[in-house]
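Next up is one chain by itself, shown in structure tokens, the form predicted on its own.
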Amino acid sequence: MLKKLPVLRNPQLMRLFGYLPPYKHYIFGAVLAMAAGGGASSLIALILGKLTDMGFYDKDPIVVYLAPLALIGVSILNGGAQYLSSFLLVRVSQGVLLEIRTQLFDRVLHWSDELIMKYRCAEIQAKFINEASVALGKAASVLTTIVRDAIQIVCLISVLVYHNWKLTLITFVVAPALAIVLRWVNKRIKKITHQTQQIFGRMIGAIQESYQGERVVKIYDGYEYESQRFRKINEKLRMLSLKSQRVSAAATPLTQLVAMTGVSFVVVFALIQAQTGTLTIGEFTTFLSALLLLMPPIRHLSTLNGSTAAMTAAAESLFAVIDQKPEEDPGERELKDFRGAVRFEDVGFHYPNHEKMALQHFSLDVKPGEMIALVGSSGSGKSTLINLIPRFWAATEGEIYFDGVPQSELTLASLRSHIALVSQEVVIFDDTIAANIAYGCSDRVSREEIERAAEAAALTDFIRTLPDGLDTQVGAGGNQLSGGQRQRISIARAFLKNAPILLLDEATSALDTESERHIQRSLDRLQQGRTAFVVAHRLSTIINADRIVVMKEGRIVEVGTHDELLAKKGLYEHLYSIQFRREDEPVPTH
């Protein structure tokens, strides 16, 4: 019977149990405790049979004293063993849970952008919160059932065979029916668990979207829509929970029915043996006690199938994420003494599942310290090019060279160590201002260097108004700060890194005109002495660029200075005239 247990045949659960060796001492102690508890169950049957013969046949008066002492002693042994084994195994399962969540987090951190786009954020959150807990939360009970109940079953079956092998054979007539019940439970629970995990991810996503988009909900009166959307998801989750509960609840009575059918056959046959004088009351009491004591571990087996089905579904989902390939890093060369020269040689790129090229035949030779502005309508390929430089995406055609070294030959760590990024989507972590400025290098920079970076980004006056200064907590996503303050922290972060290449991807597009003017001064200081690639929605901010690259449908259509491009009367002049329609309107200068 034990060989047919799903947990011993399931590769996902066996892989899950592969995390157990570091906890072998705890497991060994738990197994000893479970062995003592399992043996105690068989002792109860033997004691009851012996006391019956001593009390009813031999009429030994000492039975009055022995009976309570023996039964209470065995009960204490059994209860203490169960407590110790449960405590040790929960400690093991929580240790494994910690390891798997850490491993899962580490793998997700090293995913490529392509893989990140494949999963919704809510799906990944569900794996950390729900699926990891399901996979490991029930591990203690499963291991307990496998070991303790297996020992208990072996001991009790030994008692049955030893006392009356004929009655034991009759008992096992119901084994095939019991196997059918357990198999049905396993299949149903596994299917329901898969569906529950998907719906749980959708529920997290709905909560996240409505929470982050609360202003849109308010201004467009989306209360009823969001409530109905969440209710539908929650209703599906409720229905799946009820289905799971119905299957689990049905497993126990079905198992008991099959087991009691076997018991009824045994009782009939035992009565026949008793009438022929081949079976004493004490022997029958021992046999019947052992048989009844077998029922709890059999019920546990039905629960085990449900638990292992849920664990299997969760483990499959977790390992599917853990087994995803990390971001490719084929390069082996280090970029040393980098001057800042970048050359694009017939570079092309298309996104997965998109037929149209996002970038094609892009060639440009950029000198060290040169400021290159990328201009074009939405979808022209500007941000795609920015993403290719640090290899967030790898070019599908052509090559990018850094001081003459092909990007494909450089390690990602070496390449990205020479690049700083300030984008429209400012990322601020739930930490202090200082920690956000020194993100990624806090162990290598001094307090004075952080302060200088904050001063360069014009943050000093703001920081002085705070009671904790640089050590002020900024809240989740920097929600304690204004948009301009968050952007200045991002600029200070770039100042501190002091990288030779600077990427500015619409760094001021989310700001108002006044804030943009102040932030632009900080950006101007940041660009000095660096090779800068700038994407800006306001053309006034890139008038002083060394070269402006005008793009359309992934191609370069014009290249030149601001004055040269205006003189050409081409696409740049058209885009510029849209923003500055009146001829008498003065052109902003720095």
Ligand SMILES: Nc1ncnc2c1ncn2[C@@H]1O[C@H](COP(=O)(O)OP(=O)(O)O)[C@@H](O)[C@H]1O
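The numbering used is simple: start at 1 and walk along the sequence shown. Small disclaimer: the values here were computed from a predicted structure and weren't measured.
If you look for the form predicted in complex with the named molecule, you will not find it shown, but the lines that follow are about it.
- Between the named molecule and the residues P390, G95, G379, G348, the one pair within 4.5 Å by heavy atoms in the predicted bound form involves G379.
- This chain is displayed alone, yet in the predicted bound form one of T384, N78, S307, T255 has a heavy atom within 4.5 Å of the named molecule; that residue is T384.
- Exactly one of the stretches 308-316, 356-364, 193-201, 288-296 approaches the named molecule in the predicted bound form with heavy atoms within 4.5 Å, and it is 356-364.
- M117 belongs to the set of residues with a heavy atom inside 4.5 Å of the named molecule in the predicted bound form.
- Residues of 81-108 that come within 4.5 Å of the named molecule in the predicted bound form, judged by any heavy atom, do not exist; none qualify.
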